[in-house]
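The chain below stands alone and is given in structure tokens; this is the form predicted alone.
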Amino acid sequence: MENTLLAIPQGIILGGAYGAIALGLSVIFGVTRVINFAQGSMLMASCFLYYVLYENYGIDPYIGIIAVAPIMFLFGYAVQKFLVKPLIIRERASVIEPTSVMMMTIGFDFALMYLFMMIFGASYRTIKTTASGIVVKTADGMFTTTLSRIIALIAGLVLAFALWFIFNKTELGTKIRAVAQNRTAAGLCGVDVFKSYSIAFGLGVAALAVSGACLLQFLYAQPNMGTMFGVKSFMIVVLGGLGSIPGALIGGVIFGVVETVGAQLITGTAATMLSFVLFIIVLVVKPTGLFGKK
């Protein structure tokens, strides 16, 4: 019981990192209604960018955010503009969103993964920074973690607030929300629909880049890492509610707690399975998620 109780704060910290990853996917779907299955590989790409900056130039990942986040924003903007937009235009007469976009993001996910495997190989990479080496523990020494994990939780909270502020308190956010609600009506009112889509896509990928700076300091970077995080981020977004920023963060915390607490009662592999069971239950009981809307 004592170990189980101590696992809860560990789960909250891990869940904050999960939630930060899911925020990008939630933003992209909430505006464009496109499920970006390349999300995991984009996270992996940002991790390797930080790795290159650290190994070759000694740049700490937290400082590297200044360069990597804008690069990933432009990357996401370009993906939406040159890959997603033509497919949406081609099938804009469809009653539902074009399935070709979903298939394209799946193919793009594999293309990115194997491209980085060709460049960096299949070996695992990690870095040791000041934050990852600092151990934080309670006065009685019962609970210990690293500073990098705590920063990952804080980064998730800051990201959620920043995205909420952009979407709810700025003119750009008003335009993006108008497009998300009804792109035809927004277009008739003079809003550039596809530019709003591209900005939202770029913001979602930039949010991933911030998450990558935190994750690389306590997890390994490897070209296949995107598969696990891509699937988990999708499940977290569904749990919290598709398009809900608070839902993505809270869903990540729930997943983190379920996995860490479950690992105290059963094997680590079986504990991971609990996340999938929770995902199935939410789909059956409340398909819109905790904070989702019809």
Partner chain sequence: MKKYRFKTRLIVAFLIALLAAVTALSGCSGGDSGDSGDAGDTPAGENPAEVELGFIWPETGGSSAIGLEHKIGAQKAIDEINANGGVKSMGGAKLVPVWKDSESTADVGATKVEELVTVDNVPIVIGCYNSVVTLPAAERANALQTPFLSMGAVGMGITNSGFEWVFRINNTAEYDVVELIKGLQLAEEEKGVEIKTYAVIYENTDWGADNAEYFKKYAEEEGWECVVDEPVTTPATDLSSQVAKIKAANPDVVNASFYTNDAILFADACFNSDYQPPYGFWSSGGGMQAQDFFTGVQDPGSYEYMFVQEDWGVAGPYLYDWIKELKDQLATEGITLNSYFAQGWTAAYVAYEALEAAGTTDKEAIRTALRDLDIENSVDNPSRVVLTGYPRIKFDEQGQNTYSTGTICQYQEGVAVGLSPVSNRFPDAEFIIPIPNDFASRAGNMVEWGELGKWEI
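Not measured: the values here are computed from a predicted model. Positions refer to the first chain, counted from 1.
Keep in mind that the form predicted in complex with its partner chain is missing from the display, and what follows is about it.
Please identify the residue among L157, A185, V135, L74 with any heavy atom within 4.5 Å of its partner chain in the model of the complex. After the contact test, the surviving option is V135.
Using a 4.5 Å cut on heavy atoms, which of I89, A122, C189, L172 is close to its partner chain in the model of the complex? The residue from I89, A122, C189, L172 that makes the contact is A122.
Are all three residues T126, T260 and T269 in contact with its partner chain in the model of the complex, where contact means a non-hydrogen atom within 4.5 Å? So, yes: the whole triplet contacts its partner chain.
Classify N168 as contacting or not contacting its partner chain in the model of the complex by the rule of any non-hydrogen atom within 4.5 angstroms, answering yes or no. Close contact is absent here: in the model of the complex, N168 is far from its partner chain, nothing within 4.5 Å, heavy atoms only.
Hey, in the model of the complex, does M228 get a heavy atom within 4.5 angstroms of its partner chain? So M228 counts as contacting its partner chain.
Contact of L219 with its partner chain in the model of the complex (heavy atom, 4.5 Å): Yes, L219 is a contact residue.
According to a 4.5 angstroms non-hydrogen atom cut-off, is T144 in contact with its partner chain in the model of the complex? Output for T144 is yes: heavy atoms within 4.5 Å of its partner chain.
Heavy atoms, 4.5 Å, its partner chain in the model of the complex: which of 127 to 135, 158 to 166, 199 to 207, 177 to 185 makes the cut? Say which one. Of the options given, it is 127 to 135.
Do any residues of 10 to 24 have a non-hydrogen atom within 4.5 angstroms of its partner chain in the model of the complex? If so, which ones, in sequence order? Stretch hits, in order: Q10, L14, Y18.
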